[in-house]
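Only one chain comes next, encoded as structure tokens, the form predicted on its own.
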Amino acid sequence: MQPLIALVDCNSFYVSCECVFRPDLWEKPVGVLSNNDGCFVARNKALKSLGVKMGVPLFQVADLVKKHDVQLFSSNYPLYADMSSRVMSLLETFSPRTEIYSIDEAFLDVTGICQPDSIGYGLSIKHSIQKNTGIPVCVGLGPTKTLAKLANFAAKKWPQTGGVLDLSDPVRRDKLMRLVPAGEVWGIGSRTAAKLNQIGINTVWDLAIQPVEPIQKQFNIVVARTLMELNGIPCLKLEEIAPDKQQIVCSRSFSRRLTEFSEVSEALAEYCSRAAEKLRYQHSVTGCITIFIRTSPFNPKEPQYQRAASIKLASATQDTRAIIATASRMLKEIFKAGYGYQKCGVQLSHIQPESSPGQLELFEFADTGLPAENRPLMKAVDQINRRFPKAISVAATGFDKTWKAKAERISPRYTTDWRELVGVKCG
């Protein structure tokens, strides 16, 4: 039996989450802004039609936003995470094997489940998600994950598909491939697409008909696997258990320019604390810490400065205190007075399972000045914070939090806070 993979992708997910509780906005231009209300991270179809691009700073399109009465929201991640959980729980009822690929999309193995009416099964998925969560989705089906992705792209682009498309039929597949640029294929980045264009490969069909070996030699194994997947040969397995992250990054823009070392240090400590929580959540330790600070690149009239520092730890850790202490030491080396800092952040890398044996050091007696690793303490802190959010902050160093990112347009936490539930008035 030919394999059949479905990719279910939520339409403009962040915006859809907002519109579920504000149905008056479904047909109006709506956008969701990044942390600090700086840039667009989600746009609905109406806003895209006005020419607003992903990632564009709000101030650059302020006049357009005012002219067209664009509705704006600050990112409400608790709401989005909860709505995502509801969508994914529903999807798992349609397939015994599901891979949650991101917050708004998942792969389903529907082999032998939906034949002979795959389109009807896809429509059932679409209608179920819409009815039970209010979130609109599109469904792409194909014998491989790459073809399912391509089918989903077409289902979103061409309304006549009804939001569901199956590319199992080679004739329909070839017809679509001749219409879609090679750069739209999952796994083909902009640089690779440009190189493909230079050798005359402009459409997906141009790529699919190439011999595998020359493509692998000229590009890499990733492009070669993509080519094979386009021809219906599965190369990418369904990952039912998400792999641990190999890098963890936590950074934010400030609500105002920071000039004092104490303020930047406090912000960096809070981001280190959040990164350490993520590290412990996946039961890992980090062997390398990198920090960065920078001024605003959007204001060339201000003095510009940016710097990063990195250090490899003698012993891998997951202790928030050790990570903060290390980051603070590096910050003292790269901080310069006289600048208005707009952003800072931390990256944890060289990540490995917490059960991995540590590297024995020749000079173990050397005093690093770091707090001793205390996993039971960190576990207790995490358990308390899960039960009582933000009850304990290992990073707390001051009371002035005016540097925190703005969220002036944030919507209520409709589904995660009893105090912010939607009120219904009956006439």
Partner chain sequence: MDQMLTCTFPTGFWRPLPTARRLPLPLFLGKVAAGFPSPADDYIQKTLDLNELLVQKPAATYFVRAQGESMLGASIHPNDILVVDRSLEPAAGKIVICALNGELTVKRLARENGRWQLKADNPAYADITLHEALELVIWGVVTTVIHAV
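Positions refer to the first chain, counted from 1. Small disclaimer: the values here were computed from a predicted structure and weren't measured.
Just so it is clear, the following notes concern the form predicted together with the partner chain, a form of the same protein that is not shown.
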Item checked: Every residue of R86, S89 and N132 near the partner chain in the predicted bound form, heavy atom within 4.5 Å -> yes
Margin query: I'd like to know if E408 sits close to the partner chain in the predicted bound form, meaning any non-hydrogen atom pair within 4.5 angstroms.
Written below: no
Check: Should M1 be classed as touching the partner chain in the predicted bound form when contacts are defined as heavy atoms within 4.5 Å?
Finding: no
Margin query: Under a 4.5 Å heavy atom criterion, is T415 part of the interface with the partner chain in the predicted bound form?
Written below: yes
Checklist line | Among 338-346, 89-97, 305-313, 157-165, the region lying within 4.5 Å of the partner chain in the predicted bound form by heavy atom distance | finding: 89-97
Notebook entry, point to check: Does any residue in 12-41 get within 4.5 Å of the partner chain in the predicted bound form, counting heavy atoms only, and if so which ones?
Noted result: V20, F21, P23, D24, W26
